[in-house]
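What follows is a single chain, given as structure tokens, in the form predicted on its own.
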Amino acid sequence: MAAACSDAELVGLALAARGNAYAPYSRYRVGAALLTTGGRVFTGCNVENGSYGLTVCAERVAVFAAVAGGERGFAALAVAADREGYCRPCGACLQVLSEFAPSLRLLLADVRGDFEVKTVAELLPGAFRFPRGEGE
């Protein structure tokens, strides 16, 4: 189990990653920091596009970077935006997170770094599961 990064440190990394966001349309900058079970941290930020459906959320950027880096086990994800109130992942991000870690701890932060803790399963209790064949 990863203990190399405290919850507060992970939130701080998400707040810092938010600074790299490309959000010229919504002006809603989001950062994420994903802690793997091996103790590595991958960060992400939202990247908008003029064709808005091609926009990618910070949470998925962090997950995709971790997977590209060979990681599959996730311990916690911090998400922070640049506005008041706790930042919650969208449904698409929750579905992606559920694929890898349905009980993943989510640290949902506000602009000051205060946060609440939830799990993916709490926020997406009926996640889609692809039926697998026998022996898989």
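Worth saying up front: this structure is predicted, and the values here are computed from it rather than measured. Quick note: we count residues from 1 along the sequence shown, nothing fancier.
In what follows, reference is made to the form predicted in complex with a small molecule, a form of this protein that is not presented.
> Just one stretch in 22-30, 65-73, 35-43, 98-106 has heavy atoms within 4.5 Å of the small molecule in the model of the complex, so which one is it?
Checking each option against the 4.5 Å cut-off leaves 22-30.
> Whether L54 contacts the small molecule in the model of the complex should be assessed with a 4.5 Å heavy atom distance threshold; does it?
Taking the distances in the model of the complex, the answer for L54 is no, it never comes within 4.5 Å of the small molecule.
> Taking heavy atoms and a 4.5 Å cut-off, does C90 contact the small molecule in the model of the complex?
The answer is yes: C90 has a heavy atom within 4.5 Å of the small molecule.
> Answer yes if any heavy atom of A58 is within 4.5 Å of a heavy atom of the small molecule in the model of the complex; otherwise answer no.
So A58 counts as contacting the small molecule.
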